[in-house]
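Single chain ahead, written as structure tokens, the form predicted on its own.
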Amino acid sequence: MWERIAEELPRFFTYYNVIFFLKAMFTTFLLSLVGCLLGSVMGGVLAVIKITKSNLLRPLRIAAVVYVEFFRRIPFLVTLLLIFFVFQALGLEVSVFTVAVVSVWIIATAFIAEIVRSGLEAVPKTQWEAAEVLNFNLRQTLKMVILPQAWKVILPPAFSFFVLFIKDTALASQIGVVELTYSAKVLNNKGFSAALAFGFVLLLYYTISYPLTKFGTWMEKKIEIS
């Protein structure tokens, strides 16, 4: 095996192959980033809805609970294929990248909603009561009282989820998204050793994930200090 890898190396690291891998690496990162950022926004909204007590918002609370519980229990690949066929059934001409982003968005929303809800509920009840005594509305309470304290609870699992989902986006290759795993399959189909193609992709996944993990650790320490 090692002799074959040594023989293939000069042909493997050509200019066009390197560019192909870098584009696939960027697609993997962009897919995770856009999907998780959109999921963070929607997840935050669902989390706030879930902790409200107003009877007027009861239908929205029920819908939020059903959404979160449903999509947290469905594998990403199933969601991906479901969204793919839904777009086809509706006759919408969208790229496979868009399908993958929407799928990441849907799953990320469900998981991040629970992460944010846990962080909000981790803040002592007395803080909520103090804000109520000061006649703060919900927006003021969250912005000025709750979120500054909840970030310490929300950030670690949220960052862990983001890094974890970078690896899960490999499943997007099943619908033809040219991300890192797909690029390894292409090079393997061209005759290169699977150990070389997928081994190099493994290093690229590490190259993306490790700096993000260190950045998350730095952010956690900065929040603790502040």
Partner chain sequence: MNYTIHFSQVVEYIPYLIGGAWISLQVAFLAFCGGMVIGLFGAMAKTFGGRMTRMVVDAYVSFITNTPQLVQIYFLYFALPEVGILMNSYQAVLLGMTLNAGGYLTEIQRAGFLSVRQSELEAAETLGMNLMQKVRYVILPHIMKVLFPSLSNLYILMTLGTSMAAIFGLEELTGRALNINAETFRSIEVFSLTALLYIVVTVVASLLLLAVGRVFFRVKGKVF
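Positions refer to the first chain, counted from 1. No experiment lies behind these values; they were computed from the predicted model shown. Just so we're on the same page, rigid core means the largest C-alpha set that superposes within 1.5 Å between forms.
Not on display, but discussed next: the form predicted together with its partner chain.
Of the heavy atoms in F198, some are within 4.5 Å of its partner chain in the predicted complex. Proximity of L202 to its partner chain in the predicted complex: non-hydrogen atoms within 4.5 Å are present.
Using a 4.5 angstroms limit between non-hydrogen atoms, M1 touches its partner chain in the predicted complex. Taking non-hydrogen atoms only, A194 approaches its partner chain to within 4.5 angstroms in the predicted complex. Contact with its partner chain in the predicted complex holds for none of K23, F26 and K190, as no heavy atom of theirs lies within 4.5 Å. In the predicted complex, the residues of 200-221 lying within 4.5 Å of its partner chain by at least one heavy atom are, in order, V201, L202, Y205, Y206, S209, Y210, T213. Relative to the superposed core, L212 undergoes a Cα shift of 2 Å or more between this form and the one not shown.
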